[in-house]
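Shown here is one chain on its own, the form predicted alone, set out as structure tokens.
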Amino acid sequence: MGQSTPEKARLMAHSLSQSKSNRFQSSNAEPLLEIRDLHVHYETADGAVKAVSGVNLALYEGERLALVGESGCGKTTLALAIMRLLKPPARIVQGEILLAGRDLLKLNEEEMRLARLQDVALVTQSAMNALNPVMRIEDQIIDGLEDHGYEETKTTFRKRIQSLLEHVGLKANVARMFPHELSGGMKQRVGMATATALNPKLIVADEPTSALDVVVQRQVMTTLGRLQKETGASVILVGHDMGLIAQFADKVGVMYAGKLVELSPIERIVEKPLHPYADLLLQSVPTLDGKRDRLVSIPGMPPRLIDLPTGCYFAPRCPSAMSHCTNVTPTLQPHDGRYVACHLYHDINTGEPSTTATAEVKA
């Protein structure tokens, strides 16, 4: 008998959680990455599109965080803001992005250019678009190394690149190939080899498996996980596939309409999500055994980011909405070892755990 995708994700997360270090609740160390009250807008003729609205989160050394949510919820905008790769009409309105204590938003262009690849690196959604079609693979990687001040002989460079490619499961002859000669999975591995060339502290992976078949997806994620262990880097993974995320991530941040609405260890959110939106996301995943007569869909549509509602942005679609949800905005607060932005769990006047509303989100 087949198992549903949420059930598979739950079992994967439970088995893997036994071997993961739980920095989410107990770390006394300083965060490697700390995002404070980050706001990102896209300026249009009709007004500001609020793509990221007041996001706060912390990521510790060696941790793996997955960002999930519907398309347009702000995941990729947040990832590109960390890299400072947003272009007009996007604008970072306010906030701080601290990497190892240094605010990336206060660096000048040259300092940020050097921080990319050295301190924080990006694995893009479409590797083909990130690779120069008229340059051989080794020349592209060498270009990045030289741009960061590395001066070595061609022989030394080639040995270094061969080692990088072997670490991502590619043969040495790939170095002399052009991007069009590689499969999608091979191009993504080249992207990972490039991203880890200087052992960055943080890797941002923006849906690195979205254009790949399911077998290659797993291979790519396995490679990324192995690289993360070998380098000790922290990883932010933007994705949709809860099965892959459950195998990879330590914790999950659920985003809705530009806000972080739940932050939880992966095994706990799969077992019992707190926020109604997170619960509906898991219920909307199709099953493999065909038991459901129809797919469970989230009612309604996400709000227009140029005209956000008052109160909780999810309230118009939420099956558990209460009267005050439409006029009082919930904030991300701790609850039972996790963080959730929902009036089901906190009194709107005191911020303390709620005693007037049920804290149970139906599975």
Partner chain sequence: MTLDYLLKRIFQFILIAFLAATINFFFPRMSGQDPIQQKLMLLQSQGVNVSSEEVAGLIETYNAKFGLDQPLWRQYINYLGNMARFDFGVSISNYPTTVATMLKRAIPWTVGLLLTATLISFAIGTIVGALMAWGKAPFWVRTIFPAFFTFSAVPFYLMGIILLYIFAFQWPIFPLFGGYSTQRIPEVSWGFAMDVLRHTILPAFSIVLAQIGFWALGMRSMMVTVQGEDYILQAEAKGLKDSRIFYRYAMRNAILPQITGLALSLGTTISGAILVEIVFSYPGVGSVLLQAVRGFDWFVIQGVVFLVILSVAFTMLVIDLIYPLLDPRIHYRTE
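Bear in mind that the values here come from a model prediction, so they are computed numbers and not experimental data. Positions refer to the first chain, counted from 1.
Although it is not shown, the form predicted together with the partner chain is what the next lines describe.
Note on the interface: of 100 to 108, 225 to 233, 126 to 134, 245 to 253, the segment with non-hydrogen atoms within 4.5 angstroms of the partner chain in the model of the complex is 126 to 134.
Proximity of Ser53, Asn56 and Glu96 to the partner chain in the model of the complex is absent: no residue of the three has a non-hydrogen atom within 4.5 angstroms. For the options Leu202, Ala79, Leu117, Leu282, the one in contact with the partner chain in the model of the complex, meaning a heavy atom within 4.5 Å, is Leu117. Shown without its partner, this chain lists Gly72, Gly184, Pro265, Gly144 as candidates; in the model of the complex, only Gly144 has a non-hydrogen atom within 4.5 angstroms of the partner chain.
Mapping the unseen interface onto this chain, Gln140 counts among the residues with a heavy atom inside 4.5 Å of the partner chain in the model of the complex. In the model of the complex, the partner chain lies within 4.5 Å of some heavy atom of Leu122. Heavy atoms of His148 reach within 4.5 Å of the partner chain in the model of the complex, making it an interface residue.
Although the partner is absent here, Thr194 lies within 4.5 Å of the partner chain in the model of the complex, judged by heavy atoms. If you take 172 to 187 and check each residue for a heavy atom within 4.5 Å of the partner chain in the model of the complex, you get Phe178, His180, in sequence order.
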